[in-house]
Each structure stands twice: as structure tokens, then as C-alpha cells.
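Only one chain comes next, encoded as C-alpha cells, the form predicted alone.
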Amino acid sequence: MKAIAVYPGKPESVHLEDIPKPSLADVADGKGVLVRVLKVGVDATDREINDALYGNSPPGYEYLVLGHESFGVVEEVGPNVRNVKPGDYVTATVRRPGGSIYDQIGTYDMTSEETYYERGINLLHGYLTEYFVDSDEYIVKVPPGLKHLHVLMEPMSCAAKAVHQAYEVQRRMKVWRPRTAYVLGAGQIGLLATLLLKLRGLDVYTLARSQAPTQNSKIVEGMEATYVSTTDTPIERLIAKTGKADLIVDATGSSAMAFSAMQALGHNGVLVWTSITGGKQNVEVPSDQINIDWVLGNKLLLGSVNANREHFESGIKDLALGEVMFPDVISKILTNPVNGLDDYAEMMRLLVEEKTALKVYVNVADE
């Protein structure tokens, strides 16, 4: 069967690979689930792997199948599977457990090991193929009423984890009632974080460089948040208007913005970094002033990567609520479909060249 793959470490090596179709026998204990892939989302991670910035093949393979944002339908299940059945729409988690205590209790997204396993990213094949098999532990059911949001389940899980973790660490405050949130970046994670924070009742300001109106700004406004173009309104002017933020989620992919956000956080606040910067840029920051402000202000910096099953499930619930609260808004994130695995060159072109491509996804098969 067909799969879109790369040769890790070799820049611009994306290609079509012929791989064997998996079977339920690939999973022990009768808990295998065979999924027919319908759609797969792609993002900057896939582009950066094709740029050879990171990523490794599974042991015994020269290639790595790309794709970590899956949506499909169950075709067959093992005799001991209880949570899904043939015909169910599903997504699948990305990270897989290693040997640490955190891996073993189900929080494998918090592994303490240096080596990590992520489908389509590191040491495990991804979902940009016609079928995949996995243990039912990693298969998450998607309600039929949300199938039109398909590949947003995985990015939503990352946003859900980031916001959840912020509230978890703020239990230190005993009583924490954030009012103002900044979301830096209006890509898919930034927009989904905007949704989550609006559902929690915060005043949300989503910052991006582009001047409105854009597709991104319309989505932010559709969620009843405030879109701020930093070209028109530098963050210092926004702070003068709103006061410093209680909660900031950085989803820019820019280390300069991630560090500058430290100066926009209020007392007792928390800053969450969600994006990874694959380059080698150096930035200068007013470290002495940040040090004073952060110590005297009891501020926290939190890194959040990937998600486990709990965050997938909570994210799906919030997508359902978001659909009720803001009808026909979330689906506008899905901007650029690619027709079929054969058109992998167009998939990569959109990721590299098309600056207005908010969410690129591959239509692998019809239902």
C-alpha cells in the first residue's frame, strides 16, 4: 500500500513508499484496531522533518512514514477490544510509552527519558498511508457529529493539554481566577487555544503580525475573542490598554516572541510555550529585568509538548462545545485539502510556500 515517507537526515527526501498492509496480528493480546485512513493533517513538524531538522526512522527501516494528525474509520478489531467497533470514526494519539514511571502510568507525553517515540515524528511510522494498526489504548473515538473537523483532533489535544497544564500548576495559588489571556500566534494551535480560553470565560487577545481582515482574524472574531495585529498594535500598547496578562500561550514558532512574552505576563501568571523552534537563532533579552519581575511576581514558565489520551478526549469534548457556542467557525481552520497520497509534492509545496495555508490536510480516501 502507498505511504508518504522521508529519509530522515536527508533534506527534501519526501517520496511515495510502498509498504505492507498491517494486520491485527501486529498487536499482542487481541487488542489491535485496524483503521482505514480517511484524512491526515500535516503541519510545520512534517516540513521540518523533510528539512532534516529532526526525526528518526524506526529500527530496521531507512525511511519514516510521515503524518501524526490522523482521522479514519475502524475496519476490524481484535477479540479483546471494547472501546471501539467497526464503523466508528477515530483518531489516534501520537506519543508511545518508553520505560519511565510516567510512561507506564499513561502520562507518556511527560516521559523523563531522552529517547521518545512519536508516530510520524520519531522512531515510529506515521499515519500518511492507507491503513494503520494500533492498540486500542491509543485509539480515540470521534463522534459522528464532529467528523467534519476530522484532522483537528490532534492539534486540539495539544492546545487542550497546554491550557489544562496551566490550570494544574496554578493550583499553587489556592484561588486563581485569570481574567485576561494573550495567545501569541494565530495558526491552528493558537486558534484552538483561543477557543479553549473563551470557553473558560477569559478575555482573550490573539496576536499575530498580519493585518485584519484575514481568515485567521475572522475565526478569532467568530469565537468572540479580540484579534490584534502586532503590525498595528505592538504588544506594549496592548498591555497599556488591558494590563499584563494572567495567562499567555505562545504558539508562534518564534523563540524571539516566546522570550518577549515573558515581559507581558502579570503577577502570579503563567506563560505556556507550545511551539518548537528548529533553527539556531539567538535573541537578546533584558535578563536582569525579567529576573527581578519574575521572582518578585511569582511567575511561571511552562513547556508543553504533545498529549496523551486524556487530552484527546477532553479536547474532543471542547470541540463539541465550541461547535454549539460558535457554529460554523471552527471548520474554517481547515483551509487547504490535498487530493490523495500521490500528490505529496503539492502537500509539501503548501507547507513551504503557501503562507495563507492555515491547515493543510490530505484526503487519503473517501468514506
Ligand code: BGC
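As the structure is a computational prediction, the values presented were derived from the model and not from experiment. Start at 1 and count along the sequence shown; that's the residue number.
This next part talks about the form predicted in complex with the named molecule, which is not shown.
- In terms of contact with the named molecule in the predicted bound form, the residue from Asp43, Asp51, Asp318, Glu310 that brings a heavy atom within 4.5 Å is Asp43.
- Though the named molecule is absent from this view, in the predicted bound form it lies within 4.5 Å of a heavy atom of just one residue from Asn336, Ser331, Ser57, Asn306, which is Asn306.
- In short, of 113-121, 280-288, 98-106, 201-209 it is 113-121 that has heavy atoms within 4.5 Å of the named molecule in the predicted bound form.
- By the 4.5 Å heavy atom rule, the three marked residues Val74, His150 and Ala365 all fail to count as contacting the named molecule in the predicted bound form.
- In the predicted bound form, the named molecule lies within 4.5 Å of some heavy atom of Ile276.
- The closest heavy atom approach of Asp250 to the named molecule in the predicted bound form falls outside 4.5 Å.
- The closest non-hydrogen atom of Val94 lies within 4.5 Å of the named molecule in the predicted bound form.
- In the predicted bound form, Cys158 approaches the named molecule with a heavy atom inside 4.5 Å.
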